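Read the single chain below, which is given as structure tokens and is the form predicted alone.
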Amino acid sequence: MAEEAIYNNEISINDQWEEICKQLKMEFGETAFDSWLKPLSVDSLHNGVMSLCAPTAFMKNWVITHYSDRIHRIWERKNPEIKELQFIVQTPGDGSLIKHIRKTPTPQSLYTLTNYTANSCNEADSSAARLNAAYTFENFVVGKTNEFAYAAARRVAESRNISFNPLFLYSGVGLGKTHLLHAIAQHIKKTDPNRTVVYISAEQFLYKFVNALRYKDTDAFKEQFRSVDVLMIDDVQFLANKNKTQDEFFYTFNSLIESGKQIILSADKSPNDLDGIENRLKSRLNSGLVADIMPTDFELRFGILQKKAEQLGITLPENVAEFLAQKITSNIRELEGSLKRIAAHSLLLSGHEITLDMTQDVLKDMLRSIDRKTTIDEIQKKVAEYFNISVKEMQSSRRARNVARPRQIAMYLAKQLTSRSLPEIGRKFDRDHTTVMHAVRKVEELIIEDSSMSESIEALKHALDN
């Protein structure tokens, strides 16, 4: 479920920023937070535009590229007054502002490709998905493991004559399915701007539907999604066991198909393997073209690193690229993240040359995690055994203490012992990332307050290391 607005007029802007910083530190990790986000400071809020100060132009540009969208989204939920973010560079010493720079995209911009046709939906919704401008076909590196999905995506994007409907892309985390969805949306909007394209995550679809039920405005909801030319929904697996939302999606699906409109979907599994999805909906998902993206091979990972290094404007030695391509095999997102860390380290040290030794030092925490090969599945199994419950119970909706506490501990260990993001961890427990954040904070508090909790955590870590 999307984060709920918690804005309070009595909370100052600085207090809000302090709360946001805690969340950012939890999501991106202490190292990234200290390097890029901690140095930021609040300047002012004027006419819905929040200004944040960065100490250098380099830091300002890096934050805009990698963190501004997330900061904007969090702050917008905490304070509905904030419609845009603006980053400025502050002169060291005298505190004067020397340069205004670009603002993060507003909900009305190209990055939000939603078209609200009902009166009650005319204003942009803060939960609408935004496209990543870097996720284009030109920036997608094609290899043997993804060439079929890429070809299918391009065919749908480039033709108004529907060849297969729906197009269903599936893969594990971080292998490029969301990249392809963004590429399709951006290509259509660029080449055929008169077509109405809606790109939204299944989580946001659910959020909108729940609100429509709450405010008795389902007609507007139906009009919004059944009057489009292209409907794109990411992470369909999130609709598992959400029966009322599945019903609405089923009828929306049928309405669009009957009208000759294009539907494009993604998930982490094939339609037949999606647990908690009704059979009649699975049948619809299977009715078009299903394309999977397989795990990357060495050649594709090496090519991705070369392409990304070129985009970042850095020189990446071949032995470093080979090392990373051999070592980081889990997903593309992790591979690109490691390269960004190396690039940032090099740039911050005034163009320090990238070497294999430097790479191994900068990425030592990630490499330790990879060498351990600890997975979330293994953590769930060990924690379940330790507390004498089943993994199925841990993933269930039960809130009894004997189930909820082990679940929180497993989430905490997943955050500590793997490099998975909060949303990725949440999906393994059928929860959202805010639940994972709460679990991590709770266990951290209990470790300090309760010696038995500390002993249990250490025992589980030892069991997972052996």
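Since the model is a prediction, treat every value here as computed from it, not as a measurement. All residue numbers are counted from 1 along the displayed sequence.
Not pictured, yet referred to below: the form predicted in complex with a small molecule.
Novice: Taking 4.5 angstroms as the cut-off for heavy atoms, does Q262 touch the small molecule in the predicted complex?
Specialist: Outside the cut-off, so no.
Novice: Applying a 4.5 Å heavy atom distance criterion, does Q204 contact the small molecule in the predicted complex?
Specialist: Because no heavy atom of Q204 falls inside 4.5 Å of the small molecule in the predicted complex, the answer is no.
Novice: Please determine whether V173 contacts the small molecule in the predicted complex, using a 4.5 Å cut-off between heavy atoms.
Specialist: Output for V173 is yes: heavy atoms within 4.5 Å of the small molecule.
Novice: T359 near the small molecule in the predicted complex, any heavy atom under 4.5 Å?
Specialist: So T359 does not count as contacting the small molecule.
Novice: Name the stretch, out of 313 to 321, 386 to 394, 160 to 168, 332 to 340, where some heavy atom lies within 4.5 Å of the small molecule in the predicted complex.
Specialist: Selected range: 332 to 340.
Novice: Which of these residues, T178, N79, Q380, Q224, gets a heavy atom within 4.5 Å of the small molecule in the predicted complex?
Specialist: The residue from T178, N79, Q380, Q224 that makes the contact is T178.
Novice: Taking the small molecule in the predicted complex, would F140, N146 and K308 all count as contacting it (heavy atom within 4.5 Å)?
Specialist: Judged in the predicted complex, F140, N146 and K308 all sit within 4.5 Å of the small molecule.
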